[in-house]
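As structure tokens, one chain now follows by itself in the form predicted alone.
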């Protein structure tokens, strides 16, 4: 019961922060402070949504864009909540992100992976939950996905995500070497405004098993591996986008085969302060259950 109360408190805290972000953005937009607005200068949807690790991007993979709607002399911020349901598991994911002057992004996310009845089959107990905290930093190196429309140069950013899992003994029992680790990635994002098309390619260097939910490294491999992640999004209008993503995964554990992930999504942003994302996600094998697929739903608020 204590864990459930803590989970609710985290979610409510995220929503409270989100409300504060929206209020701040509204005050800046209506000029009530008497000063020029210093937030929300980017085009709608060009800041991406919140990736499962907290960074700005698609649902499964980060993009090179800096999150929020702040331009070079502005600050942007988002708070998000995501739920992923498959046949045998579910994941709750909540976090916050701040984008500074379209140059640096700092993020935090907490992932809670519920094993449901599979936990009982594994001897852990029904509803056994892994909790992982993710701290991320992203830096734009060069290019501007929105402004560089007269050039083929993409926006390029580098990032890292430090992850710490709370189930050290369990992940080591299944063969992982550590319960904490760091992913490093480089992303290139190109927006073709006249074609209403966004493309992203990311290379991630990682040891993470199932995002880190099952620890880092394993009996099959304990070295960093370069994994490809890609996204494509088509803007149906200024408020709607559809797209697809693909994410390669390392396969480090002999006891639990790991498959690559993909999804197809639709995102709706009625304003710069709110966006909703729905996706069908195929996650393949997770521990002892094959063909895990289902609904991905996420809400993001901010400016």
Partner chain sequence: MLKHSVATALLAAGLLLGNHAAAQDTMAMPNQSAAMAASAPRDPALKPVFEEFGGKPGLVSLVNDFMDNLMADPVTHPFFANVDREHVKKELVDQFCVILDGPCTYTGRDMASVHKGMGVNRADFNALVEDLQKAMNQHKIPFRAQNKLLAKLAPMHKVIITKK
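Numbering follows the first chain given and starts at 1. If you're wondering where the values come from, they're calculated on a predicted model, not measured in any experiment.
Although not depicted, the form predicted in complex with the partner chain is the subject of the following passage.
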Contact of residue 144 with the partner chain in the model of the complex (heavy atom, 4.5 Å): yes
Heavy atom of residue 223 within 4.5 Å of the partner chain in the model of the complex: no
Partner contact for residue 234 in the model of the complex: the partner chain, 4.5 angstroms, heavy atom: yes
is_contact(residue 74, the partner chain) in the model of the complex, heavy atom dist at most 4.5 Å: yes
Non-hydrogen atom within 4.5 Å of the partner chain in the model of the complex for each of 42, 184 and 194: yes
Among 49-57, 64-72, 246-254, 273-281, the region lying within 4.5 Å of the partner chain in the model of the complex by heavy atom distance: 64-72
